[in-house]
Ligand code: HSE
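Next up is one chain by itself, shown in structure tokens, the form predicted on its own.
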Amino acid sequence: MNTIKIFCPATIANLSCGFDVLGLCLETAGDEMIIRKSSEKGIRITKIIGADLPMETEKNVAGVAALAMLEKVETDFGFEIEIYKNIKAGSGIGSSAASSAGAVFGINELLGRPFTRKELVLFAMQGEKLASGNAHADNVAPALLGGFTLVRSTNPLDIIKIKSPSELYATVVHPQIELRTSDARSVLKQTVSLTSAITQWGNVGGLIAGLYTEDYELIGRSLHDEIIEPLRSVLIPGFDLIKQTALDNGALGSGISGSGPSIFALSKGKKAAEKIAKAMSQIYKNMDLPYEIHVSKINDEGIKVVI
């Protein structure tokens, strides 16, 4: 195989209580990439459609992730990468992660899979480091592994995949403003109170238990962010109203997707997710603010080869 086309899914990170450690993979939203072998060694970005991003390998998250991978494997050829962006940069649903994870996944396939999907996470994290200044795994892990992922540790890397409850759906609304991850991180405090920390890790444990037992009510009760959301929500237009509207229309829980400005809601069943999407949309219509809306089942496979 000399060429591969892949679907690189969008992701929701943090999931309210799980800052930098929890994420999930979406089924319907994502980018596409075409990666091919080249007689010239190294990595080249040959085409980017849908976004104004750097073509220089060392300035592009896909290029940086791919270079990190090639440091660990010997080849007598190189790779060319085409990126078709459907996830807007700064949207909060893993735009940089899709590119970073997609690049290493595709190259790994063309090399005959010398690395496992979990091993690819380390390389993809280097793309995230370029994008945000922090090599976090809560988007690239679910993009590569699918389902929900818990990043127990990054040093050494220890990731647990959790299969999604069968009826769980996500609704994501993206107001058309860009909120850079680095800017969203700048408002965070470096210390938290013991009371807040206890509440937060109780919710993380509750959410994990709810996912394993398919206890939708427990999932909903656990989707509460005591630490990050109060600081970041002021950066997102209409956040409090959107969140309350989602809950009023049957959401199990709602919060900031990644670093924002997208807002997610989880629900039981597609019908509920679509009702929530309609209600969320109406808020931004009333505010005369352009937006995108996604309704998606949880993607338990992760990045997929497109036939």
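The first residue of the shown sequence is 1; numbering continues from there. In this text the structure is predicted, and so the values were computed from the model without any measurement.
Keep in mind that the form predicted together with the named molecule is missing from the display, and what follows is about it.
If contact means a heavy atom within 4.5 Å, which one of 133 to 141, 190 to 198, 147 to 155, 204 to 212 is the stretch that engages the named molecule in the predicted complex?
That would be stretch 133 to 141.
Looking in the predicted complex, is the named molecule within 4.5 angstroms of a heavy atom from every one of Phe19, Arg185 and Gly258?
Judged in the predicted complex, Phe19, Arg185 and Gly258 all sit within 4.5 Å of the named molecule.
Is there a non-hydrogen atom of Asn299 within 4.5 angstroms of a non-hydrogen atom of the named molecule in the predicted complex?
Asn299: no contact with the named molecule in the predicted complex.
Spell out, yes or no, whether the shortest heavy atom distance between Arg232 and the named molecule in the predicted complex is within 4.5 Å.
Yes, contact at 4.5 Å.
Hey, in the predicted complex, does Ala13 get a heavy atom within 4.5 angstroms of the named molecule?
Close contact exists here: in the predicted complex, Ala13 approaches the named molecule to within 4.5 Å, heavy atoms only.
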